[in-house]
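Read the single chain below, which is given as structure tokens and is the form predicted alone.
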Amino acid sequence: MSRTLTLLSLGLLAAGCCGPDITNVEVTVSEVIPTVATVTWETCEATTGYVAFGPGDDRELRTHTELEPATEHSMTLLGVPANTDGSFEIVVVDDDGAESPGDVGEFTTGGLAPGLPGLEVTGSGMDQYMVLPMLGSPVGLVILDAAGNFLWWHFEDRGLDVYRAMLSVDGESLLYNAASVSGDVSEDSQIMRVSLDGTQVTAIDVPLLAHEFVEHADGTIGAMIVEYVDDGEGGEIKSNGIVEIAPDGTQTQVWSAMDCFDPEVDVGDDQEYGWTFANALDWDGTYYYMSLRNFSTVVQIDPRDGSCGWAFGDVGATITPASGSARFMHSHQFEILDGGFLVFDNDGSIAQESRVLEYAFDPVAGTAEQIWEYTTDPAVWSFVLGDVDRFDNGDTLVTWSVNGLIELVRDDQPVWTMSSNFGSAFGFNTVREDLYAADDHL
């Protein structure tokens, strides 16, 4: 569903000549997500191309370049705020990589959906996009720029939780988990796929889906699940595993916590939530990394044989923080750095205060020593969720999820903040330098 705003005829073909000239250009703005526009065009000769676009005459944004030559072309424009006049330029790319820009077209984005929370942004220094689940009212997922503009949104109205959302590697859709993770897990949980223009929504059934999933470069999805294991005494152990969903839909369980830990030996706290209560998952192209909340431990997992490498933290750990270093408790999201380890620590057992801890980390030597700690002033406690990202320039982005607060920290001070009103909270934060590049969360 869309409305045509502009119809152009660019680079008309000379009589009797067929070349890469651009014709029959149309731009439409989605009626479902009116911040998204789609540009279509034709070329007599099969070519590849991309679209440069942006607000006003600023066309510094660009789509990816088409992978295969074609005569009929379509590109979706994502990144212009609501109620904004924008412009675009189609660029044809020949076999040698030479670019031939076409004429300029225009479009105007529509208004925001009702119900989106207000956001307040202060400071400067943030230049990334964020793909964020919104928790509270409404529940769904959004894409935000550093100015707090809503660039994209989708609402989840089935009473399910949304903790992770990301742009798919297909370049044409977003993925998110729709599950029940704050109470009894659901057999009806799904990973949802929504097209960029919002007109197509499909689902992958993943029974007992937990907090997190990742997408591999080839489109395979790795999803964290809850599994119930017979304890041999007529009862069940509520454990965790990882299921991989291939692009053809085939699902295979590649790991179980029972493969690496013993419920009679490795006993964490808060057992009413389950034995391991996994709550965060990452992937580096070879290994999965999972945070086991009730163990206060992050474990490295090899999906090829279901084995575990190192485990850093408390219960079941092969590596523990050095003497004098702070221990993290009830960890959520984390980031493994080159020689380091960042973790969002949700321990509220002594004081209701969350924090970020950084360790000098060498899994080969089996050493970990705390080198940094960050808390807010005044202190906040995000008793669930929480995320942390380290940028190349050394800045740290901290998502205090339950508090609806995101901070960019430089030299131990917040230089940029984003806060939501009306009690809205944020899920795990997928940070992007480019809305069209491959996922760069890890």
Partner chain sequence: MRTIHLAILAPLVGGCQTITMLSDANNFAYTGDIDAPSHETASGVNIEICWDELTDDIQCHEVDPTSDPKLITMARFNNLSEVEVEQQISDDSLDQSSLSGFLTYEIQGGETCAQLEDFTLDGTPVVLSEQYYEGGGTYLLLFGRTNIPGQNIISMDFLVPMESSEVVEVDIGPACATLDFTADLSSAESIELNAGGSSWVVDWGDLTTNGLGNPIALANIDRLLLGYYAGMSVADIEASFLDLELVATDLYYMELFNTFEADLAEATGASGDFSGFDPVDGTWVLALMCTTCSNPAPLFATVIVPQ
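Since we're looking at a predicted model, the values are computed, not measured. Positions refer to the first chain, counted from 1.
As for the form predicted together with the partner chain, it is not shown, yet the points below apply to it.
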- in the model of the complex, the one of Val51, Val27, Val409, Val388 near the partner chain [non-hydrogen atom within 4.5 angstroms]: Val27
- The single option of Pro321, Gly102, Pro133, Gly316 touching the partner chain in the model of the complex, heavy atom within 4.5 Å: Gly102
- Heavy atom to heavy atom, is Gln352 within 4.5 Å of the partner chain in the model of the complex? yes
- Is Gly339 one of the residues lying within 4.5 Å of the partner chain in the model of the complex, judged by heavy atom distances? no
- Query: Closest heavy atom of Phe88 to the partner chain in the model of the complex, within 4.5 Å or not?
  - Reply: yes
- Query: At the 4.5 Å heavy atom threshold, is Thr71 in contact with the partner chain in the model of the complex?
  - Reply: no
- Message: Looking at 253 to 261, 92 to 100, 114 to 122, 217 to 225, which stretch has residues with any non-hydrogen atom within 4.5 Å of the partner chain in the model of the complex?
- Response: 114 to 122
- Query: So which bits of 386 to 411 sit within 4.5 Å of the partner chain in the model of the complex, heavy atoms only?
  - Reply: Val402, Asn403, Gly404, Leu405
